[in-house]
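This document opens with one chain alone, in structure tokens, the form predicted on its own.
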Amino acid sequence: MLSTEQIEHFNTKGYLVVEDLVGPEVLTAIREEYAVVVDELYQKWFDEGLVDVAPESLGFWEKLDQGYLNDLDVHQPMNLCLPHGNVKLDSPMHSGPAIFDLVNQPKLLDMVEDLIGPEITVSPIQHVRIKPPERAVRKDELRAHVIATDWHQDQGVTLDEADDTTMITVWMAVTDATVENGCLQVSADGAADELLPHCLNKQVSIVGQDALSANAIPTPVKAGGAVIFHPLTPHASLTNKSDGYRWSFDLRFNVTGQPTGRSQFPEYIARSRKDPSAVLTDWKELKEMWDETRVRLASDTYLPQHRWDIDNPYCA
């Protein structure tokens, strides 16, 4: 699916922009599925008196505005995995047929196969990113899924058990990602030779943000396209200075049988040439896996999901 030139670009630069990975019908299904999620979430807020504008008068984006402006949890109920810590029996996340179909699109998996081989596992480190415009964000907001994301390497958000895992990130655009609305940017130096020191504050961030920002390449991409990263490629996002939201998904894939770096969460096989019968084809089975994980973690000792100690000397 990828050309020789594209594969060479990824191998030398540590990233690749690929347009038209999924068709408009796939994105329409995603929007419809998430419209139901947001409608139910907003109705719950309204019933609990957390917002005072009736849902009938608001559209999808306006409901998100009300959530952010009232400092409500907009992100986790729409996210594709459980929270990093303090998992409870009622901890929300989203799992549905449209997002499962997106992750398992044949053209997308063809591209992944070109880069890591035919034995493909879907990592549990998956996220929704619906970045609000600055007008809808409180001035003291620091969270990575709300404001501009700091510079980091994706290997830096896994545990060290996955340091030798062959993995990639597919940053899939649901809306056009532009410089104005906060598209991603990558280091002009490409993938680093090693994992750089990170600090864990409100975000997991590489030490020395200014130097990376001074040597950055923006990566705009249209809806249905994606930016693909090597796990050691430093990247960040720009600030959303537009009047609208920027919507994407972080999708991660690794070679089957290798650690995902988030072993408490469920993984599944999306493609296998050696054993096609091992491929998960039913989104309901994945949902059951997550439901069982929620119950287990709610009553079990929770393992840290970040390797970085806030007391490290380079974070002082």
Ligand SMILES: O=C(O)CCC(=O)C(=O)O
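Quick caveat, the model's predicted, so the values are computed rather than measured. One rule holds for the numbers: they count along the sequence shown, beginning at 1.
Another form exists, predicted together with this ligand; not displayed. Remarks below refer to it.
The shortest heavy atom separation between Trp171 and this ligand in the predicted complex is within 4.5 Å. Proximity of Asp250 to this ligand in the predicted complex: non-hydrogen atoms within 4.5 Å are present. Contact check for Arg129: a non-hydrogen atom falls within 4.5 Å of this ligand in the predicted complex. In the predicted complex, this ligand sits beyond 4.5 Å of every heavy atom of Thr219. In short, of 106-114, 71-79, 209-217, 235-243 it is 235-243 that has heavy atoms within 4.5 Å of this ligand in the predicted complex. Among the residues Ile99, Leu184, Ile120, Ala191, the one placing a heavy atom within 4.5 Å of this ligand in the predicted complex is Leu184. Taking this ligand as it sits in the predicted complex, the stretch 11-46 never comes within 4.5 angstroms of it through any non-hydrogen atom.
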